[in-house]
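The chain below stands alone and is given as structure tokens, in the form predicted on its own.
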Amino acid sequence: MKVTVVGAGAVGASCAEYIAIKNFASEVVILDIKEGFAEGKAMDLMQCASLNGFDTKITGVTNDYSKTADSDICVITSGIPRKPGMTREELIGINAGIVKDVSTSLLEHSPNMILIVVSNPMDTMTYLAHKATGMPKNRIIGMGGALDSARFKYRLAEALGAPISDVDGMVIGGHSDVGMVPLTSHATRNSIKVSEFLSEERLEQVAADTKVGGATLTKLLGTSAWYAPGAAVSGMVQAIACDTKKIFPCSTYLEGEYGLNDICIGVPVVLGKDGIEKIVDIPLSDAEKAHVQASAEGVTKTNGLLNL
């Protein structure tokens, strides 16, 4: 199993580290345009191998896509990160050109790859990858909901005073501060609805805190977060590589599902060896349906800024 991560910044390096530590891939290639940067990150990570007990080979390369040839899974993290006060949508001008070039270059050397898009604005960048490559919809996946759901579960556990292992919850919709739809009606603590423990007002606060999870960290850190995004990607990569059939909320191209067409947006999917193996239809309340529709309208508006 060969995995390529494009972008050796904080998110890309965290992806590579978590994938390597889990020891399911034979090789991870890190590619970056900055001379020697990916090579340095790879060397540093390889020097962790004996300490962390993994045998995955990690290779760094500078802008040489031939070294990514025959990758099974490719991850695009490259692009400029958010700064305090920036929205994900403000990144579109620069990141669109990067994602288009990177996705087509990867496809040239790995025609059977499954592609995971992390670059922001993530739903629009996933849509762009579809249009730029023409790959089957099941093989292009946007990482947004997996991260947002992790942040949702963190906030739920905080509100409940419970260990996170007790908590389950999911965020669908667009990967943006206003587009996320935390499904509080489906969230549980050990199979018991969280509404049995928390007031409606407290659940609304949990949802609000979840939506600004990325912005909160950007304000604190001065740049985008990297640990949780890297962990979210590694979980998705492992589900595909190991054919686990796990359900993740991911940005996927919809053709009528959830009443939406010609858009990439977060919905629950089954991930396995073929990428997205099934889009899972879950019942939504009228309010949740309205939130998803509003989120889709926002994503469509951002998609309109692409020069397709």
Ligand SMILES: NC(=O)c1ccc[n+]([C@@H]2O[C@H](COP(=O)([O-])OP(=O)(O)OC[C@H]3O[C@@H](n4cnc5c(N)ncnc54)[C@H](O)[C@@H]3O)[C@@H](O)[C@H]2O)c1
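Quick note: we count residues from 1 along the sequence shown, nothing fancier. Everything numeric here is computed off the predicted structure, so don't read it as measured data.
Although not depicted, the form predicted in complex with the ligand is the subject of the following passage.
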(request) Using heavy atoms and a 4.5 Å cut-off, decide whether 6, 91 and 95 all contact the ligand in the predicted bound form. (result) yes
(request) Heavy atom within 4.5 Å of the ligand in the predicted bound form: which of 57, 273, 67, 34 fits that? Just give me the one. (result) 34
(message) Between 128, 102, 73, 171, only one gets a heavy atom within 4.5 angstroms of the ligand in the predicted bound form; which residue is that?
(response) 102
(message) If contact means a heavy atom within 4.5 Å, which one of 293 to 301, 280 to 288, 21 to 29, 7 to 15 is the stretch that engages the ligand in the predicted bound form?
(response) 7 to 15
(message) With the partner left out here, check for me: in the predicted bound form, does some heavy atom of residue 140 sit within 4.5 Å of the ligand?
(response) no
(request) Using a 4.5 Å heavy atom cut-off, state whether residue 182 contacts the ligand in the predicted bound form. (result) no
(request) Using the partner position in the predicted bound form, report whether residue 78 sits within 4.5 Å of the ligand, counting heavy atoms only. (result) yes
(request) Would you please decide whether residue 120 lies within 4.5 angstroms of the ligand in the predicted bound form, comparing each non-hydrogen atom pair? (result) yes
(request) Give, in sequence order, every residue of 134 to 157 that has a heavy atom within 4.5 Å of the ligand in the predicted bound form, or say none if there are no such residues. (result) 143, 144, 147
